[in-house]
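Have a look below at one chain only, the form predicted alone, in structure tokens format.
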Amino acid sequence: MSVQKGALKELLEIPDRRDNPYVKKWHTDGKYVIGYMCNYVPEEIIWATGMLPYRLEARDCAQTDEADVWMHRFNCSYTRSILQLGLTGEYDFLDGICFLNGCDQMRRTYELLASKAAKKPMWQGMIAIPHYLGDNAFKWYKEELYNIKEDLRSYFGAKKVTDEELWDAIILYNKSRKLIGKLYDLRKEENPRISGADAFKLTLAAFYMDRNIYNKLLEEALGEIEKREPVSGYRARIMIGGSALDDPSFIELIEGRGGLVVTDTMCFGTRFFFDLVEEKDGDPMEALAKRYFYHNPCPRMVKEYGRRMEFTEDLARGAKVDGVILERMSFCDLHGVDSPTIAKDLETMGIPAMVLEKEYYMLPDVGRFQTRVEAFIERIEG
């Protein structure tokens, strides 16, 4: 698919497009699209079966009336928004969904989408992952990956997936990780040439298109970025982290108050691309399982707080941030504990930090967020 408007502009528009041309092209070619909802689901397995991985998002969801019939409002608004769009048919373009028991609310969403929301025959799979990083837990997870690969393949009548096809997928997706890593390195510069919101959009685009095309466009976009004038007029370099966030408007809000978001610890950001799958001879499923199981553990993994804290500090120091904003989604139990603890420890290290509680959708509280962010930046400025 030729792109006339320029690679950078094309990628910036993809996350907000409802008429995604790349998904339409995939379907036109007679191929399947598989949705997924967590970083612990290996995209390479879906790709190697000849299908397109598509990460679920619900940024257009402004209310959850239908979902609230089945999930109490004490559940986080991210999972309720995903369920809402499933109930209203927004995911009817998917041919299957792969879930993971990331938390009880995500597991419940899977159950309800399977029983209430499917408007057509749809493959639905679940990867059960243990909550600790031990040898037996790793063996469990690896077996789950084998099972999901075979279940996915057999449901769609696909041919057996070879090791060579899996290694090809690993190389392709590692290239994406390297390219996004270069994008994030540009953000760390003293005078970055791209805003945090735009960089986030470029990263999000990877979830919604053919990865071969994405890699080509991102390579071109990086060249365009290097020719830009540096971003100017910002008052503080900010890092963000916390609960699931796929909405660039949250970053735009921070940057609209004088912050410049230069890095993050988000599962839709750094934790999505950080760490490569080891490329070598042997079992590609073993290599995939090791990367996805052990990389940057999220708060669902017990006894890993020290590692998360070290990762957070390293990113903050490396990007020379002036402060950290940790977004905690209401009723997100995992980040409800993790984010305040990280904020407290960052403060003891001399890095100003703030926890900002919000719903998945921002509209009702934009004014409050602007006030909180403005006050935080004023505190940084002293």
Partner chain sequence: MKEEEKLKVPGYEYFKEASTASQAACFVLGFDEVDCLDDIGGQQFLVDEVLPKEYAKPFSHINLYTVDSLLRPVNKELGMVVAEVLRDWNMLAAESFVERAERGKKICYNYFTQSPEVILALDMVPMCVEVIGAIDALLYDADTCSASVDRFEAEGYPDFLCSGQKVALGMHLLGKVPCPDAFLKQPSICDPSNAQYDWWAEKCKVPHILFEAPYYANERAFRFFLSEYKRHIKELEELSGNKLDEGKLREYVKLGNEALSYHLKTQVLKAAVPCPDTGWHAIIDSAALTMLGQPYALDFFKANYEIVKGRVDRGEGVIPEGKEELRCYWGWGFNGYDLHFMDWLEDEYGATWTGCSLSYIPKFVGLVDTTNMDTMIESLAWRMFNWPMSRQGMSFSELWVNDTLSAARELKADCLMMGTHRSCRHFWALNKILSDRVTDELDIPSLRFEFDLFEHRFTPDSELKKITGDFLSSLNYSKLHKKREARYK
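Positions refer to the first chain, counted from 1. Quantities reported herein were computed from a predicted structural model and do not represent experimental measurements.
The protein also exists as the form predicted in complex with its partner chain; that form is not presented, and the subsequent description refers to it.
- Only one of Phe99, Tyr214, Tyr292, Phe207 lies close to its partner chain in the model of the complex, with a heavy atom inside 4.5 Å, and it is Phe99.
- For the residues Glu164, Glu286, Glu226, Glu111, the 4.5 Å heavy atom test against its partner chain in the model of the complex is passed only by Glu111.
- Taken together, the three residues Val33, Glu90 and Lys159 lack any non-hydrogen atom within 4.5 angstroms of its partner chain in the model of the complex.
- Heavy atoms of Lys182 never reach within 4.5 Å of its partner chain in the model of the complex, leaving it off the interface.
- Its partner chain in the model of the complex is not approached by Ile171, whose heavy atoms all lie more than 4.5 angstroms from it.
- Shown alone here, Lys280 lies farther than 4.5 Å from its partner chain in the model of the complex, counting heavy atoms only.
- By the criterion of a heavy atom within 4.5 Å, Val69 is counted among the residues contacting its partner chain in the model of the complex.
- Heavy atoms within 4.5 Å of its partner chain in the model of the complex are found in one stretch of 244 to 252, 231 to 239, 296 to 304, 265 to 273, which is 296 to 304.
- In the model of the complex, its partner chain lies within 4.5 angstroms of at least one heavy atom of each of the following residues of 327 to 352: Arg328, Met329, Ser330, Phe331, Cys332, Asp333, Leu334, Gly336, Val337, Pro340, Thr341, Lys344, in sequence order.
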